[in-house]
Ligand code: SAM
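One chain comes next, on its own, written as structure tokens: the form predicted alone.
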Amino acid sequence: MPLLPRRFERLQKVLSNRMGDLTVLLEDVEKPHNLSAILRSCDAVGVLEANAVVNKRRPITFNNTAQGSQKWVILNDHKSIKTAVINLKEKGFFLYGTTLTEDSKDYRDCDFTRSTAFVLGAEKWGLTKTAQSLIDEKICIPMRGMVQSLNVSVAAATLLFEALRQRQKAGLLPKNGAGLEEDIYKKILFEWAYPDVAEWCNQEGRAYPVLNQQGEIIERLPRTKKLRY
């Protein structure tokens, strides 16, 4: 079944708003409802990719809270917090880690208009000492009640939407795909539009076919593969 033009337009519109310079790094956040809620917030704000360091004995799982957002936000799984931080810093990200320490800065006083990664820790223990030593700035969300911290998914949403607010105010929200490199935009658009064909191309080690302006695949592909396009 061919991709409907209005569906292709919707994919283009959403991808055109994606930001490659805003992300989260989750350390041992393993509860499916929290991970799902965080990815849903990432999708809502326009985050292209999220990052996670999880216990290898437990596979990453999602529940209905995600509302399918795991299909639209790339989740990079890292071997350790150190390798994850190195990877993000090499890409130019400034890392803000949520911690409750005396030198933690009020998140509202921070600049999230630059390349920003929010580092959040496990539901119960927060960031490890190793993670705290690797981040660039410690931040906190001030509490006025008896409880000292928010649920990790709520904290992630709070930070992400503050970053969105700041960027909107500064006129920095991407339009027409300006938040992504052109080759990355085209790659992800094809994977969103034709996931079965993309998977087959990757298995075959071949480049993705070219799409026309209506989102149609120009190249004739083998029907024997039962590809949906």
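Keep in mind that this is a model prediction, so the values were computed, not measured. In case it trips you up, residue 1 is the first one in the sequence shown, and so on.
One more form of this protein should be noted, the form predicted in complex with the named molecule, which is absent from this view; the next part is about it.
Remark: residue 88 does not count among the residues lining the named molecule in the predicted bound form, judged by a heavy atom distance of 4.5 Å or less.
Contact annotation for residue 83: none of its heavy atoms lies within 4.5 Å of the named molecule in the predicted bound form.
Contact annotation: residue 127 falls within 4.5 Å of the named molecule in the predicted bound form, judged by heavy atom distances. None of the heavy atoms of residue 74 is located within 4.5 Å of the named molecule in the predicted bound form. For the residues 141, 135, 157, 110, the 4.5 Å heavy atom test against the named molecule in the predicted bound form is passed only by 141. Shown here without the named molecule, the chain has 98, 100 in 86-112 lying with a heavy atom within 4.5 Å of that partner in the predicted bound form.
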